[in-house]
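Shown next as structure tokens: one chain only, the form predicted on its own.
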């Protein structure tokens, strides 16, 4: 009997090793295919560099989000329910790096911040109670569905089975948003102010205030970082480096800093980071084809943010989202984190309802936690901070009501 057990151990190890080899092979093949796809897009007339760069930006984000667990709901939940502020430093680092990068880009292309104009395409939106309502709805949707929209996109690559349902719900929510848009726009949004800090303080002053606020938040949250057990000293080997890069979660400060830099390059080369433009365009196109889209969406196409349109092809944002999902899938395979989660009637229903709330909130706020929050705050827009506080309030309320446990 002992011989049988001893003999089975090498067989089991070989089996596990072969499974990991298959996963690694698939992951490498996916990453090679993404690189080849970016090259082909670059060579395709009518697509060119913007589509190729967007796909590669999505690849970088997919790797960063999956390896660093850069999910706004997970980060907020850790702070609210677990009283662990450590992951929140990824958001602070992303905003700090993004703000510094945006200040450089703004200064190069629009030197006079007080000229009465806003930087083109930057996520700087009107501030009104509609934005607050959108943020609260988005936060409640995050709690119900278990992630924000960007979180669902990268966790789709990890096998999170609720993600497709939540994303479908967000398409429905965008449709609802198109129907409520004219009422909100004519009644509230059209006359709302669009505060932009550099217009008052210049770029250096805006960046200074931006970094001071982030530093103050970082200091306040220090007391909620749990004590970490000291690790015994180890000799650094290739195996340790491999595990640190491919298997272990990346530190929040590194993850967030790289996300902020990625956002800066994305804005410089193509457009600000956001993940809802393609989703919203799919919903808008479907409603247009069925004749259910409102005849006119007042002012929608004149505002900055994750713009939607009636489209017949994949947009640059669509290529970014595609790269994000596939790269996170490859990263999950490499780290042995791909594992389809169980579905029930209850968690499917909450994922769908949460998606609808996030879709409505994202449409009304002209973006989600990546667009309006991350790109907006990096652009020194007050709308980004208002949306961030409203989303956090929505998540807090959802957790207090135990919506995330349904």
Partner chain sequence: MNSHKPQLLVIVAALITLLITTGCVNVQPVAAESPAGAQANAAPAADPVDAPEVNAVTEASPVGFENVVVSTEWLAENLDNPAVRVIEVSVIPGVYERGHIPGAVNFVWHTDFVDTISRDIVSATRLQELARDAGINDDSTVVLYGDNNNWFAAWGAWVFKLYGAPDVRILDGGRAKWEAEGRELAVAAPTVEPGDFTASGANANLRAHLADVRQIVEGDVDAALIDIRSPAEFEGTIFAPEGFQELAVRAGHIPTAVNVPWAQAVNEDGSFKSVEELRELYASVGVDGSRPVVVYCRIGERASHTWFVLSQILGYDAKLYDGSWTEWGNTVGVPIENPAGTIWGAQ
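Every value quoted in this text rests on a predicted model; they were computed, and no experiment measured them. Residue numbers count along the first chain shown, from 1.
Although it is not shown, the form predicted together with the partner chain is what the next lines describe.
Within 4.5 Å of some heavy atom of the partner chain in the predicted bound form lies at least one heavy atom of residue 113. When contacts are judged by a 4.5 Å heavy atom cut-off, residue 181 does not count as touching the partner chain in the predicted bound form. Taking non-hydrogen atoms only, residue 223 never approaches the partner chain to within 4.5 angstroms in the predicted bound form.
Taking non-hydrogen atoms only, residue 204 approaches the partner chain to within 4.5 angstroms in the predicted bound form. Residues of just one listed stretch (115 to 123, 83 to 91, 141 to 149, 181 to 189) have heavy atoms within 4.5 Å of the partner chain in the predicted bound form: 115 to 123.
With the partner omitted here, the residue from 270, 130, 282, 165 that has a non-hydrogen atom within 4.5 angstroms of the partner chain in the predicted bound form is 270. No residue of the trio 241, 346 and 399 has any heavy atom within 4.5 Å of the partner chain in the predicted bound form.
Shown here without the partner chain, the chain has 108, 109, 111 in 87 to 111 lying with a heavy atom within 4.5 Å of that partner in the predicted bound form.
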